[in-house]
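In structure tokens, one chain follows: the form predicted alone.
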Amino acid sequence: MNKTQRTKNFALCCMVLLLSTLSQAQEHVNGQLWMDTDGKHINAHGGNILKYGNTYYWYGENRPYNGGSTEAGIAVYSSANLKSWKNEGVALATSMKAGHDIERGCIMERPKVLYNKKTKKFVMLFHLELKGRGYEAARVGFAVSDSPTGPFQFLRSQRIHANQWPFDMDEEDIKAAKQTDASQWKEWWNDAWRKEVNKGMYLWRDMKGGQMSRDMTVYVDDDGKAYHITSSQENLTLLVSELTDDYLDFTGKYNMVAPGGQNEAPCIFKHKGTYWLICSGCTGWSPNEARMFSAKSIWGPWKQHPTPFVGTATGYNNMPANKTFGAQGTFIYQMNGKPVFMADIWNPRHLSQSLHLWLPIEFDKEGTPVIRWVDKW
């Protein structure tokens, strides 16, 4: 074999290898690593997908291989087909300035990006914990950009609804909440404590400084109104809050969902006029049984249903439905009009290697969501 032929054969082998890599990048296998167009695992967790023009943008937590704090910031990937994802870098970077809200080493989780048609801006909301303070800050952060890939400009972080009562609490409800005292309860989870939680004990405790905001999502309704849904009150109660028309603040209108229910990781969608809310329990990085609620209005009342998950994760360690196939939800995206449940299979030892799980949401004859395991996308 002459030198020219060897060169051609080497080039052919490189081309075959490249095509093989691209093929793998375009095949999403649930329970395995998902590769971007550079052949690296997609490091975008707890986020969402936004379509702008003919391009899809996937935002998520850029997680470190070791440790749990945020070093880089919020990642963004782009795709023309929801299969091949290009790493577009960091959409919102942490700050190197000491004491900054998003100082490198803080915790930035659950980023969600919306496009505001009125302002022509891309708006990001996310859960923020300040550097070195664990999970006590419990804030929501706001950032904005003229481009879907950023760079996003950080605006502020805050607790929510300081000195504001839920719009559906009457004078008697408020009076009852004001008579509670969270400081006296050294033991939780008994019947007497639960009654106080249901009255709004933690709502009243945090009234002056603002309500906690941890695991969160956002939702834009058919009329363009946007809502922020978050786990609050020590992760015991969900809050549904209306955003201003520019999506950069709260209007002040909000209410509580399932007080004392201990729900987090909220995901929401609407199907045939009914809102469906899928959440997880609070068991840290360990999977648990998902919870599901429905309502005819985003303001409720919300009815609880059994978990929508059925069967086992045949392609991932045979994890059962009552463990949500080993995953925790992050977002529900409408793909060609059909809802898809997006989730993370967390790897707490190496968070950057946490796996992605996308599952189609089906409906039974009563119109109730059902989620079964599928191996591939």
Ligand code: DGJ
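Quick note: we count residues from 1 along the sequence shown, nothing fancier. Being a predicted model, the structure only gives us computed values, none of them experimental.
As for the form predicted in complex with this ligand, it is not shown, yet the points below apply to it.
Chemist: Given that the partner is absent here, does Q328 sit within 4.5 Å of this ligand in the model of the complex, heavy atoms only?
Modeler: Q328 belongs to the contact set for this ligand.
Chemist: Quick one: is Y135 in contact with this ligand in the model of the complex, heavy atoms, 4.5 Å cut-off?
Modeler: Yes, Y135 sits close enough to this ligand in the model of the complex that at least one of its heavy atoms falls within 4.5 Å.
Chemist: Since only the chain is shown here, I'm wondering whether G284 would be in contact with this ligand in the model of the complex (any heavy atom pair within 4.5 Å).
Modeler: Although this ligand is absent here, G284 would touch it in the model of the complex, with heavy atoms inside 4.5 Å.
Chemist: Among 109 to 117, 248 to 256, 271 to 279, 82 to 90, which stretch has residues whose heavy atoms lie within 4.5 Å of this ligand in the model of the complex?
Modeler: Looking at the other structure, the answer is 109 to 117.
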